[in-house]
Structures are given as structure tokens and as C-alpha cells.
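Have a look below at one chain only, the form predicted alone, in C-alpha cells format.
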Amino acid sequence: MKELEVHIGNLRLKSPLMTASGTSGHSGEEMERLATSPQTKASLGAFVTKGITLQPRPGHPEVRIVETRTGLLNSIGLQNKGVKFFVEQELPGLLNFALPIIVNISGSTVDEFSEVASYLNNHDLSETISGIEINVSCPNIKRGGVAFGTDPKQVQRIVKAVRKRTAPRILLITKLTPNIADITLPARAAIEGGSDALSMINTLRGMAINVDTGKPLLGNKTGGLSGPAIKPVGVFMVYECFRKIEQCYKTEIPIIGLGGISTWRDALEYIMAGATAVGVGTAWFVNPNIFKSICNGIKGYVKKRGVKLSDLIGRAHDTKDDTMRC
């Protein structure tokens, strides 16, 4: 699949397809599904784990997931068993995937982000971890999360602290929030802090109400909206960063597009907007063969036109007048 090969920093991906952190897990059902699906593994360029925190977190009370007409509301709350358990019990299993492994990390303070990164860096003796995705954008936790992601100074502090505690070989990706007026502000801050790449977007903040009881359906009241409904927002924000940030336009800081991708056409929209790679999450719940389907669709597209995928990055910007109009 040379025609689909892309590079994210020092990582060579055989395909632009990645799992999206919020839906991929790092053990249990998701991993069993991946382990028993060679076609999915063959279609992926990298595997991104579910979020890891310094200490175990129980997550939010039920109900945690609510379907909407065009998406999914979730309020999982970063449930995980902590970084120590992950390294000792779950990370070894990821060696079998023969894929670049990117670990999503989160925290409630700058120090927590730094400590998680340091633990991963110092205890990954087999160097299984190729990258760390810094989640400064989770919309359904009470401390940190989206509050960090909307404050460029905090974003820069977090990325700088994580960069200081990780080896140069480890790729740093910063996952940005869409719950902000101008996504280029935290994007620039992440780059200044030392991020090697950007991923966008995380879920949009939302909620649903049971009209029979008059109460919110989610146990946490609010959650994050994912799925097809948010794709136009994600495509626009990728387009904005690619258009306005020189390092992104030159692909010195690659962008990973996320949000609402369920077909190969969706993936190509993100790539033509400026993304080098794309993450798929919610659609994987619905279609276990989604990665194979998208990969085959993209292969057919580039073969028909006699191009490489890298030729399509930012194609939507190849116009004489790239001015936004309202």
C-alpha cells in the first residue's frame, strides 16, 4: 500500500487510518475484536489507545451513552485502571499488533500529565510506545479537560511539561477541543510547547433530556457528541489550521483529522482540508469492518486518478482565492 503511505513526524504509517482514542480501548472487547481481525490490522496505520490517567478512575455513573439521530453522546469519564496497571498488564499485549502504538493520556493538573508521560517513558522497556497523544480536550470531566483546551497558555504548559519528560523518539500529538471560537489559538500554543502533530477534533459538548421525566438522560448530565453530526465542524477546523498556521501548511506539523468519519469520502474530505491522517471512532461501533471499507475506498480513488495519497493533502486549498466569506 505504498500509495497510501504517510508520515506523522518520525512515524511511517502504511495507511492514513488510525483508531480514535475515545473508542478504541486498550484491553477487553475492543482489543479482542482487533486481534481477531487481520483485515482491520492490515488497514490501519497506527493504533491509538483509550485515555490513561495517573491513578485509576471509575468513570461517570450510568447512563453513559445516549444515541442521537446523527451521532452518539457519551459521558464515560476517562474510566481506566491507571498508568501502572496499563504498563504492566495491558501494554505487553499491544506488541502483537505490529503497528505504531500511540497512548492517549489525560490529567486534572499539569503535573499529572507530566507524571503519566514520565511513567510511560521510563517503564516502556521494550519501546512499544511510538507516540503520546495529549488529551487537553475531554468535554465531560469536571477538572481539566476542555477547560485546559480552551486556554492556550495551559495547553502550552502541558505540552512543554510532557515533552520535557519524554524521549525525543516519542512522537507528541496534542488533541484539540472544538469547543472554542478559534481553534488555531490552542493549536499554535501546542506547537510552541513542542507538539510534533495535532489531532482534531475531540467531541462537542452536548446533552439530551428525557421529556417524560424532565431529567437529563446522561448520568453526568452532559457529555461529548461524536458521529456524523460533527464532521463538518471537524473538516472546517482542520481547514482553518492548515490555512492559517505555516507549520501545518508546510506539513512540518501534521494534522490528524477526527470526527464523524464513516466512509472513505469522509476521510478524503479531511485529507483534502489538510489532514495527513484520520482517526475513526464511533463508526467502528456500528461497522466492525469500517477500516477495511475505508482503506479499500481510498485505494480505489488514488488508483483511478494515478496519484499518491500524500498528493491529496490540502488539495482543497489549491485555489486562487482562499479567503473565507460569511
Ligand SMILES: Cc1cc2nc3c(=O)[nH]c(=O)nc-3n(C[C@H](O)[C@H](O)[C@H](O)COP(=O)(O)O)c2cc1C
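Numbers for residues come from their place in the sequence shown, where the first is 1. All figures in this text were calculated on a predicted structure; none of them were measured in a lab.
Below: the form predicted in complex with the ligand, not depicted.
The shortest heavy atom separation between I191 and the ligand in the predicted bound form exceeds 4.5 Å.
Proximity of H60 to the ligand in the predicted bound form: non-hydrogen atoms within 4.5 Å are absent; the residue sits far from the partner.
The ligand in the predicted bound form comes within 4.5 Å of no heavy atom belonging to L17. At least one heavy atom of G22 is located within 4.5 Å of the ligand in the predicted bound form. Exactly one of the stretches 162-170, 207-215, 181-189, 194-202 approaches the ligand in the predicted bound form with heavy atoms within 4.5 Å, and it is 194-202. Not one of Q39, G45 and G297 is positioned with any heavy atom within 4.5 Å of the ligand in the predicted bound form.
With the partner omitted from this view, the residue of Q156, N220, S114, N74 that lies near the ligand in the predicted bound form is N74 [heavy atom within 4.5 Å].
Although the ligand is not shown here, in the predicted bound form the stretch 234-267 places heavy atoms of L258, G259, G260, I261 within 4.5 Å of it, in sequence order.
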